[in-house]
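First, one chain by itself in structure tokens, the form predicted alone.
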Amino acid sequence: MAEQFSNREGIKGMINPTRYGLHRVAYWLQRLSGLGLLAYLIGHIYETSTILNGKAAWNNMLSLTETPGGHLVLVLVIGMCVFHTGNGIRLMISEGGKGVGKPGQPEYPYRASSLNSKQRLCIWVSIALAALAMMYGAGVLFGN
């Protein structure tokens, strides 16, 4: 019975980014950045709503966000936002059939990736833009 299930890796195999290549890494980064931005939106709504409790409560909440930890969270949010936007635009364009290329005859040896060079370049550009935006945001928030 153990031999029957020996090739199944379960969740560990599903989240392994090296197994499927760049498109799997982009898939997981898109999902994680979306969840991170959702968490930030909920936290931001909560933070902003503290103004209803008066000026003292508002200033107390702002003192939490104006710490190095709060600035680090904002830098991560900047990176998540830029990557999620860039990769989302790539996905919308490719879902429309642009930049995908014509399908070819599957011949041995099969290519493991379904991405062409344009798709790969867009993923790397999204990652690079996110890194640049994070560096700029860190420079502004933490001071040069």
Partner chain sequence: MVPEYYLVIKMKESIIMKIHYGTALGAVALVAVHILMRLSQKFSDSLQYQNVLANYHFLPYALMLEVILILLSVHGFNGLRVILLELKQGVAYERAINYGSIVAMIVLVAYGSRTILMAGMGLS
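Positions refer to the first chain, counted from 1. Only a predicted model underlies this, so the values are computations on that prediction, with no experimental measurement involved.
In what follows, reference is made to the form predicted together with its partner chain, a form of this protein that is not presented.
Trainee: Find out whether any non-hydrogen atom of Ser49 is located within 4.5 angstroms of its partner chain in the predicted bound form, and reply yes or no.
Mentor: Because a heavy atom of Ser49 falls inside 4.5 Å of its partner chain in the predicted bound form, the answer is yes.
Trainee: So in the predicted bound form, is its partner chain close enough to Leu64 to count as touching (4.5 Å, heavy atoms)?
Mentor: So Leu64 does not count as contacting its partner chain.
Trainee: Just checking whether Val73 would be counted as a contact of its partner chain in the predicted bound form - the rule being heavy atoms within 4.5 angstroms.
Mentor: No.
Trainee: May I ask you to check whether Gly69 falls inside a 4.5 Å heavy atom distance of its partner chain in the predicted bound form?
Mentor: So Gly69 does not count as contacting its partner chain.
Trainee: Which residues, if any, of 42-61 lie within 4.5 Å of its partner chain in the predicted bound form when only heavy atoms count?
Mentor: Sequence-ordered list: Ile42, His44, Ile45, Tyr46, Thr48, Ser49, Ile51, Leu52, Gly54, Lys55, Trp58.
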